[in-house]
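To begin, one chain is listed below as structure tokens, in the form predicted on its own.
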Amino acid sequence: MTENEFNGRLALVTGGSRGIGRSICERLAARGARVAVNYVSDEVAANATVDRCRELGAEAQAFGADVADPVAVANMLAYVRESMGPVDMLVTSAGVVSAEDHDKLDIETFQRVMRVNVDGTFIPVMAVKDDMIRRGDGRIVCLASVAGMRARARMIPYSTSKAAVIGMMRSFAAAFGPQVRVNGVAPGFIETDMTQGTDPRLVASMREDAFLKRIGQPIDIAETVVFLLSDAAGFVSGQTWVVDGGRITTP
């Protein structure tokens, strides 16, 4: 990858206001991309991400929309095209997590997680793919999780949703090729606002289980996403890259 590889390219990052999404926006900006930062409610945090991208020399704007609402996404994309142009790269990073025992799990919780994590991936991808295919080039990365690859007794909705994202990403890659590459990234435990409050004993256990003996940071995920969007990954599509310090390995 070169320092200004993404010059002139527009990247839309859903859930870009905080955590992993913000780090992805910053790394794309540092590589020369123009960045459209999607957020659902925290406009202050989204504008902070925009400010940081601009400090890095990139054009950036914030766009509010619920990515699980097809009308809101369509309106957002129309505004993005009008103000910044067509989307060259999409990262679906918006998501929610839930953790509860099965005897406390209800259908409302299950449906809420599926709506944000699954619908919130499907709708933005479907909204940008036709234009990418017409122009003959597009790069998409969908954020999944190692929870979608392993059993999680207290994360039934979340684990199910992320397994669905992995399967959907593979099918997108098959359907949109050869013009559009689609890949996934499956983070392990990453230190963000979302994971604050995790039992310190569990965090220590995860650190010890990892080959690299540390907890992941948002930049670890961002660097992998940026690689998958780059020309260096030009022969990679339909793959899920696990980024968890070695806590799980895949064939």
Ligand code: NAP
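In this text, residue numbers run from 1 along the sequence as written. Note that the structure is predicted; figures quoted are calculated from it, not measured.
The same protein also has a form predicted in complex with the named molecule, omitted here; what follows describes it.
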Subject >> Exercise: Leu56 in contact with the named molecule in the predicted bound form, heavy atom 4.5 Å >> reply: no
Subject >> Contact label in the predicted bound form: Ala94 to the named molecule, heavy atom within 4.5 Å >> reply: yes
Original post:
Does the named molecule come within 4.5 Å of any heavy atom of Asp220 in the predicted bound form?
Top reply: no
Original post:
Though only this chain appears here, would Val40 touch the named molecule in the predicted bound form if you measure heavy atom gaps against 4.5 Å?
Top reply: yes
Original post:
Of the options Ala33, Val67, Val226, Val182, which one has a non-hydrogen atom that comes within 4.5 Å of the named molecule in the predicted bound form?
Top reply: Val67
**OP:** Only one of Val203, Met194, Leu212, Ala48 comes within 4.5 Å of the named molecule in the predicted bound form by heavy atoms, so just point that one out.
**Re:** Met194
Original post:
Based on heavy atom distances of at most 4.5 Å to the named molecule in the predicted bound form, which listed stretch, 172-180, 154-162, 132-140, 79-87, is the contact stretch?
Top reply: 154-162
Original post:
Counting only heavy atoms, which residues in 99-119 are within 4.5 Å of the named molecule in the predicted bound form?
Top reply: Val116
